[in-house]
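A lone chain, given as structure tokens: the form predicted alone.
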């Protein structure tokens, strides 16, 4: 681990220099707000953005991704045999990812890279990616990341963590991947490690002090699943929900997807696409039966998965990083912080 000082006058030049080796992704503002997306050759990442509509989840897990292809032409020797679609897994770097979003990728990794199964598409993309984080000096009013196991200066899942110091960035290089990216940019002005760490600690404490929002999760682990499942408050939580799925699409830790096949002439392709547990079709069986046919059931599933099932299965905290996107984006003002408080404090009446 080492610290590097990057003068902002040299920043754009260094980023452009790295394009010869890396595909670049970063925050860019368009008509839909700030998005984390691929950077065109003449586009620099916007390093003064407040927050992004979506996280960097799609860099590893695209909204629509071709995964298998096959020929339907029986004249071909390998017709009707599904093969992995070609993918681009050359080195890439996500610049300006927020610390809580990097933490979210580590939570998602528990689903795609397990002892029993390694999802090749997600894992190959993950291994090809360098994550350059941008610390949050001034957290927003909906940020409750410090109570979810991360925070504005968290290093979890990052290869480099940048701290904005007005006329320069102070970069904490955390991994060999981070060292390789810094070298590709030509950023090599080392800073005193001891002094730099003190600066990071002071900035982290100042940032964390400004966070006023939080969630309590201390009692969730000891709750019985069936008690929470059968709790009487779910109808009230789901009352205003319109099942739009916005919360799941903006969430950096949601990983649900659907599989669809598309045929064109003598070729067939299989895609996986983001899906949402809020949709009435999500769990509908081919028979027409739907085990979550009612809105309340779907809302309960979302929050039970985030705040109870995941916690019990992995013992790594809740499946939420406190970014506040779902709170901000929900059109009917459903607030995960309030739901978490209700679940955490619920006691079954005998």
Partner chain sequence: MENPYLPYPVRIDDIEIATEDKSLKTFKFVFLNEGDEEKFAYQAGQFAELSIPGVGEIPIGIASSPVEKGFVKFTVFRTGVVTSYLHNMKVGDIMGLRGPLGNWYPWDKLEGKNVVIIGGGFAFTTLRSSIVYMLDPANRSKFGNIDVVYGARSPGMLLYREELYEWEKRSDINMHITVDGTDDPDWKYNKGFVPQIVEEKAPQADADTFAIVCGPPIMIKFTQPALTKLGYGPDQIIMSLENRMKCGIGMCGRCNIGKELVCKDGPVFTLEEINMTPKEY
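Just so it is clear, the structure is predicted and the values come from calculations on it, not from any experiment. Positions refer to the first chain, counted from 1.
FYI, the form predicted in complex with the partner chain isn't displayed, but the following is about it.
- The candidate spot formed by 126, 303 and 306 lies out of contact with the partner chain in the model of the complex, as no residue has a heavy atom within 4.5 Å of it.
- Residue in contact with the partner chain in the model of the complex (any heavy atom within 4.5 Å), chosen from 137, 175, 260, 188: 260.
- The partner chain is not drawn, but in the model of the complex it has no heavy atom within 4.5 Å of residue 46.
- Remark: residue 118 counts among the residues lining the partner chain in the model of the complex, judged by a heavy atom distance of 4.5 Å or less.
- Although the partner is absent here, residue 198 lies well away from the partner chain in the model of the complex, with no heavy atom inside 4.5 Å.
- Proximity of residue 205 to the partner chain in the model of the complex: non-hydrogen atoms within 4.5 Å are absent; the residue sits far from the partner.
- Of the candidate stretches 209-217, 266-274, 95-103, 150-158, only 266-274 has residues whose heavy atoms lie within 4.5 Å of the partner chain in the model of the complex.
- Residues of 139-172 placing a heavy atom within 4.5 Å of the partner chain in the model of the complex: none.
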